[in-house]
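The chain that follows stands alone, in the form predicted alone, written as structure tokens.
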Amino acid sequence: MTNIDRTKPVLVTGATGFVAGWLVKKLLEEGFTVHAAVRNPDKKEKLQHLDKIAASSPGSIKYFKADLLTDGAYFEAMQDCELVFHTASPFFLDVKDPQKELIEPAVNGTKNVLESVNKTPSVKRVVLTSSCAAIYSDADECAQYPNGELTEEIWNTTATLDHQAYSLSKTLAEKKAWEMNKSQDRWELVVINPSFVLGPFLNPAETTSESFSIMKQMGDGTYKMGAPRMGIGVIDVRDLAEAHFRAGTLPEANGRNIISAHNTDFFEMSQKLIPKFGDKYPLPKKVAPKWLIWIVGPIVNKGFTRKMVSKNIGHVWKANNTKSVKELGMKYRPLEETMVDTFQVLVDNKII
């Protein structure tokens, strides 16, 4: 049970990221001083969106140069902070060398940040952005658990370098964080395990993310012949930022926390767009058969390997978010709101 002093600065790693941007916004609106760790503070154009928010908020922001893989890079930014949010981690499905591009940055980055925490006596709590990917690899695994659903007690045991390497990176990074947390008794660790993150972006550079490429495919004709019933969970980035904030500031926040609003699939997600956008864009009107995705999936998206298609399409994805509702007091917005707001951003920025 830790009380955080709101007059002390708060560190956010990877502050220009999709999730981190909304978290920084929340912290600034709540009056916090944010120590924003970014790769290059001199690239002002990448910080404009955060400066704009800070200018109209009671809080303030200060930038620090910090690279995920440079030893001690976060030490300066962490001084006087009681609360550290570690959100920085790579998310790509199309990688040539998963060990170098995913595993090492995720694990070594986490280790690097937490080694600085160990050397910074002021830090009382760390909130780590992990993922539901640290709980499972493929939707077909849900069926083997009680009520067919994922819970915080479950750990991913199926990801490998060759299959769901991103999931492996999140699993190993989170395990490293718990191992380092248990080897000391000064700072608490609270972990956030989000499902697939959607919602509007604050930073125009973010439209290259995996989340947006899938949204774009829903509206650019890729799924015109039909969308797959690919089991997935969805969380709105605005709700996810709120969950991070509560995980950092509520004294009773603890352990792992599944942050997922909807148990859904690609077809159901696409149908939420039809009332508003159906007459202007070639949105899918029917379900694509599994055999078709098995054939064309790897051509459309390199992440859609045959093994991934067979284990995720046609399988129900289900996670239990009760802990977040009871302990963090989370209320989640409707799926339609998330889908429409995300798609609208792509329309407004002429990405679709």
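All values reported here derive from a predicted model rather than from experimental measurement. The first residue of the sequence shown is number 1, and the count goes up from there.
Another form exists, predicted in complex with a small molecule; not displayed. Remarks below refer to it.
Novice: Check for me whether the small molecule, as it appears in the model of the complex, comes within 4.5 angstroms of all of S137, T158 and H262 - heavy atoms only.
Specialist: Per the other structure, none of S137, T158 and H262 touch the small molecule.
Novice: With the small molecule left out of view, choose which of F245, F266, W187, Y166 has a non-hydrogen atom within 4.5 angstroms of it in the model of the complex.
Specialist: So the residue touching the small molecule in the model of the complex, by this definition, is Y166.
Novice: Could you tell me which one of N257, S270, S116, S195 places a heavy atom within 4.5 Å of the small molecule in the model of the complex?
Specialist: The residue in contact is S195.
Novice: So, G148 and the small molecule: in the model of the complex, are they within 4.5 Å at any heavy atom pair?
Specialist: No, G148 sits far enough from the small molecule in the model of the complex that none of its heavy atoms falls within 4.5 Å.
Novice: Within 4.5 Å, heavy atoms only: does L68 come near the small molecule in the model of the complex?
Specialist: Looking in the model of the complex, residue contacts with the small molecule include L68, since a heavy atom lies within 4.5 Å.
Novice: When the contact criterion is heavy atoms within 4.5 Å, does F18 count as touching the small molecule in the model of the complex?
Specialist: Yes, F18 lies within 4.5 Å of the small molecule in the model of the complex.
Novice: P105 versus the small molecule, in the model of the complex: is there a non-hydrogen atom within 4.5 Å?
Specialist: Looking in the model of the complex, residue contacts with the small molecule include P105, since a heavy atom lies within 4.5 Å.
Novice: Spot the stretch among 272-280, 245-253, 166-174, 75-83 with residues whose non-hydrogen atoms come within 4.5 Å of the small molecule in the model of the complex.
Specialist: That would be stretch 166-174.
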